Structure formats: C-alpha cells, structure tokens
Ligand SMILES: Cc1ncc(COP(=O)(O)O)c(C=O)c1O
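This document starts with one chain, in the form predicted alone, laid out as structure tokens.
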Amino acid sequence: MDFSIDRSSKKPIYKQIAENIEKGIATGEFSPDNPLPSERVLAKKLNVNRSTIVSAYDELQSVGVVERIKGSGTRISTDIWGISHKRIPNWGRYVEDGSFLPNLPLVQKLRTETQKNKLINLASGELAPDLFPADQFRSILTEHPFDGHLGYDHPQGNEGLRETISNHVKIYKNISVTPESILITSGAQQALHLIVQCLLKPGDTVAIENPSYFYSLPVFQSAGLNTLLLPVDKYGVNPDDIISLQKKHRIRMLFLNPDHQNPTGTKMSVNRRKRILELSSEYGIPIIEDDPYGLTSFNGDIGPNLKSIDYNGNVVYVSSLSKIVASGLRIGWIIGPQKVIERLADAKQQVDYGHSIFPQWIANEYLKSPEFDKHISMLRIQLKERRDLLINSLLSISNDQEKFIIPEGGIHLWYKLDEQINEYKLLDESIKKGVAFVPGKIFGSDKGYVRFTYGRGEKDLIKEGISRFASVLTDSFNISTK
C-alpha cells in the first residue's frame, strides 16, 4: 500500500498512518488472514519513530479496527466483518474530518472554566446579569399576553419585528431601510456565518481588522477563505492599508467593527469612515459592518454608522440585542440589498426553518416600549462606572496610561502587558487564582496583550479581579506591578 504522509499538515503523522491503514483494510489491500506490518518494519518503511506506529495502531485498536496480541503482532479485528456484520464507527475520525472547524481550544477552555467554576469573569463578551432588563421582560410577559400564531413565520423573520427594527435603526442610527431589506437572525454570530457561507466561496480573499473578534472565528478558515489583516490604531483601520492590500490582492469583502471595536474599544474616525466608503465604491468591495456596541456610547454620540452614510448600497449592516439587552435572547439582524437578504433568508430556512416566534415577539414588544430607551440610558451609566473601576484598578497596579486606550463605549478594554510573557500560561495561573480574561493572541497577530471585559464583571468584583491578576504577574512571572 502507498502510505502518503504530509509532514506539513497540522494533522499528527500517527493519525495519517492510522487513516491509511484503515483505508487499506476497507479496500481489501490488507487481508484478515495475515498480520499487519510490524511496528518496526512499518517505522523503517515510513521513516518514522516506532512510537509513531505504536500510536497509530493504538488509535485503530481503540475503535475496534485491529487486535494486538502479544507475540502474534497486530491483526485486523475478528469482529470487524463478523457474523453480525456490525462495526463501531470511528467517531473520533468523523469529528476531526468535518469541514466545519471547532473553536480554538483556548476559547473552549474559557467557556468551560467560566461556566463550571466561580471565577471573577472578566472574559465573557456579554453583560453582567444585573444589567439585563429582567423586570421589564417579566412585565411584558404579564401585561401583554402572547396572541401570535405558533406556525412557521416569514422567511426573513416576523414582519412586526422587522417593522420595529426599521423604525429603531432610523431613530438611533439614522439608517433608512424598509422591512423587506431586513433579516432576523440568531444573534450577530449567525448573521456572519450566513454572509460567509452564502456570499463568498473557497479561495476568496477577505480583509479583517487586526486585532479583532473576527480573527478568533474559525468560520473563515472553515469556508476556505484567505484572510488579510488590517492594523487597528486609536482611530480604527487606516484606509491606506486597504489600498496597499488591494494592490497586491483582490479583496472580495471587508469586515469592520467601527464603533467601540472588539477587543480594542477604539472608535473609527469620521474621516476614515468616509474614505473607506470611497474606496469601497472605487474598488467595488462590499463592507460588512458589525455594530453590536454603537448604542453604548457613554456620551450618547452614535456613529455615524457606515451604513447611515452609504449612498451606493455597498454596506451590509449587522447588529443585535446581545450586547445591549441580553445575550440569551438571540435576536440579531442583517440590513442589506433586498436580493442579498432574500439569499440569506433562504439559507437560514435551510438551517432552522425560521427564527423562533417567542423571542421575536418579546424583542418586538420591548423595542417598541419606552422601557428600551430607559434601559440604554441606564446601561451607559453602568458601563461607564465599570470601565472607570477597571481603569482605576489597572492604574493602581501600574500607573501607566500608555498601556491602554480609554474606550468611550462598548464593554472591552485592551491592555498591554509590561513584558512579552506567555499569555496562555498567564491565563492558566490566573484561573487558579480565580479570575479569567482573554489572552490577546486569540484576536490578532501581536503578542503581549489581554482583553478585559468590564461589561461582564460585577462592580464589586472588578477591583478584586485585577488584584488577583496583579498577584499572578508578581508570583508566577516575577513582574513587579509597582
């Protein structure tokens, strides 16, 4: 059998060997009447360590494909084609071979640790429970009994909610749009997945911010896209960088988060917004504007959103209630050209046959009520207080304001470490101390940063969380915080 090993692949060599052997068994190249090649012989043939072959055979034995008998070598399992003709699927192989990639291991670990342990959570990108409008939602459920139908709704989402969102974005964002150009999604995350899957193809090149939340998403890699990085400074993405990339590559799409960007908290300047829109028209590059934090602006100064000054229809706008109302509500929306919305709605129908009726109903009632505006006013005050608590706590351990840009909205603060230390080890040690944050490497190519989320941190615990973080720097890395 021809064993092909790709030594540049991220897949371990022993797994590649195990797959080749399993393929040979399935095609009959290996006979159940004879033992499989010995570990020593196969290691020599493939020019690998014997331990690699041992691992490959162990992998096959664990799923019942081979039997290993001391003194007799490794043989095809006698049960694999037995009387019952039953065989256990190699589920591990299926899990690894799927085209939809899993989250980064560190992202999975953070989710697990913050859920199972009582940590001071400065990591999760959501609001703290005390910022949810729970009382208002209870009032809606009590005072406005549900009277809608329980069948499938419109492919683009409930018409009443789309009408309300049309009014909402006009009032708060100065975006003029009809309900026909709106699609309701399960948060902004689903919106981004639909856009990538439906509007792009493998091999396309997209440009994303660096650092950015988009960098952490495996959706781009799963779709086979090439990603280019646009550096973010205190004024956002520099349009000149877009020009430089476009000269070398054919950019198919731009993904931008102009307002209170995740993770840096920066707000793109108005001049840069206008210039980027000019470049979008000049090169014919569509822009995906992700706007989860715009309404949290502490001074009430919103935008202008790219979509609100997009006079050529180049911007597809994505927003949600996840970061300003409740993450578990799972209400987001896409605003774009009607033909795009219809295409994305068709794809969403294939995935879930339309959004759930109840969260759409509750969101519609809440957005129409005067309680929403009161909630946003409260949220701005509370988030600013939490931001100030976080900043004062950080300044108490290192009186250096050059370590961060002070965000004027949003829920994140991007913090530069004193020294180049292993961010992942820093997180491990911090979790042991009972505090969690996100290592900056998840969001971009630069080392030596961490992201603190003050929106998730309870006010009485933010100072303690930073104190624990400082003790880790001192105790585990011998870095003075004074």
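No experiment lies behind these values; they were computed from the predicted model shown. All residue numbers are counted from 1 along the displayed sequence.
Note that the form predicted in complex with the named molecule isn't included here; everything after this is about it.
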Taking the named molecule as it sits in the predicted bound form, is W361 in contact with it (heavy atom to heavy atom, 4.5 Å or less)? no
Are any of the heavy atoms in D153 no more than 4.5 Å from a heavy atom of the named molecule in the predicted bound form? no
4.5 angstroms heavy atom contact with the named molecule in the predicted bound form for S320: yes
Is there a heavy atom of F404 lying 4.5 Å or less from a heavy atom of the named molecule in the predicted bound form? no
The one option of K267, R330, H193, R386 with any heavy atom within 4.5 Å of the named molecule in the predicted bound form is R330
With the named molecule left out of view, which of G354, P133, G187, G409 would have a heavy atom within 4.5 Å of it in the predicted bound form? G187
Only one of 171-179, 245-253, 292-300, 138-146 sits within 4.5 Å of the named molecule in the predicted bound form by heavy atom distance, namely 292-300
Quick one: name the residues from 195-225 with any non-hydrogen atom within 4.5 angstroms of the named molecule in the predicted bound form. Y213
If the C-alpha spacing of V237 and Y215 moves by 3 Å or more in the predicted bound form, is that a move closer or farther apart? farther
Looking in the predicted bound form, decide if the C-alpha atoms of S216 and G313 are closer or farther than in the form shown; they differ by 3 Å or more. closer
